[in-house]
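To begin, one chain is listed below as structure tokens, in the form predicted on its own.
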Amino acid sequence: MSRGAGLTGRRPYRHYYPAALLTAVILVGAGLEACGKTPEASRARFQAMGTLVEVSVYGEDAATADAAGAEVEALFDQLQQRWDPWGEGELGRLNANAGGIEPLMVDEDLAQLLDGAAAISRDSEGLFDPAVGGLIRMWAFSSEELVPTSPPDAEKIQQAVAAGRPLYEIWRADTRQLLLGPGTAIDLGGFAKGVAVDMAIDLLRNKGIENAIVNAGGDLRAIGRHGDRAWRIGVRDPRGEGVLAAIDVEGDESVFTSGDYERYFIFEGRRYHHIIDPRDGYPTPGVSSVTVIHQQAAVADAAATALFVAGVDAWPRTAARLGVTQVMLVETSGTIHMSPQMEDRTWLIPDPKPEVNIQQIPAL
């Protein structure tokens, strides 16, 4: 489960990067596009869900763009209050009451979110699992005031894994009930941000806006075009200070990345990051980042986490189960693995180029 503290409103303790170094960045007008003057898009920026959110609108007057940005900000603030796993909203209430014998009733708003998250949890065979909120908290990745400096006790991790059950097993959609055992908590940070981006795009379209990007901490959904050209998106180099790849996006697509550089600490020479494998309770080794393109931001968000946890060998099968075809996985060694569909639209920026391995996604 990635981005465990991604719904809280306080400033995260993690490293903050300037806009050009976010996971995915808009590069139109930044020197990577073809020669010629590029019209500017109107932009609104605000802090929400523990990250910087940027709303870019093209082809509208300033008043329309500003009003749209303000409405998106209000939407993110509202969702943040509802879905903060440790706050005073519905999800925080459920986590605070975990450990009882009887299942907990869930309100209709959160139930819809859990329906979608549980479906992806099931389809990924539990590799994406919002029910590891307790483990994320044990690792101190859920707190923005505490910087973890060492791993939790190994025995406690084993006990938490042994007692845990994936979300799709503890969520009862028909009765809107959730059974949270002792030490179990729900953290939707690897899914709810995508849902918020999808809702923001719907809001913009309802206002008649056809060309825009909603970029939440580098994870984004783009609709339409940037004038006479596509939106050009940069994917951050997980081990460098620049851009690893550029991707043209137009029509309606989302680009989401999970990376081991978002929240991490170094202990005895080893990097421990926030993307926890539900199967053993430890950060997933061997992978630096996974980028997924899909129309729905919510699917791209959760799939990036699931494929990260699946790892180098198993990601194609997991992608097939999730219906995802456009994937780029970067190993900690620097080797890049891509589906053919992603290769067809990706420009790698570094020179010399890294080693690239093209892997087919199987038909299931």
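All residue numbers are counted from 1 along the displayed sequence. Values in this document were obtained by computation on a predicted structure and should not be read as measured data.
Below, we refer to the form predicted together with a small molecule, which is not included among the displayed structures.
By the 4.5 Å heavy atom rule, the three marked residues L127, E262 and I276 all count as contacting the small molecule in the predicted bound form. Proximity to the small molecule in the predicted bound form, taken as a non-hydrogen atom within 4.5 angstroms, holds for one residue of V287, A185, V235, I136, which is I136.
By the criterion of a heavy atom within 4.5 Å, S254 is excluded from the residues contacting the small molecule in the predicted bound form. Although the partner is absent here, V309 is a contact residue: one of its heavy atoms lies within 4.5 angstroms of the small molecule in the predicted bound form. Contact annotation for D84: none of its heavy atoms lies within 4.5 Å of the small molecule in the predicted bound form. Among heavy atoms of Q326, none comes within 4.5 Å of the small molecule in the predicted bound form. Heavy atoms within 4.5 Å of the small molecule in the predicted bound form are found in exactly one of 71-79, 169-177, 221-229, 190-198, that being 190-198.
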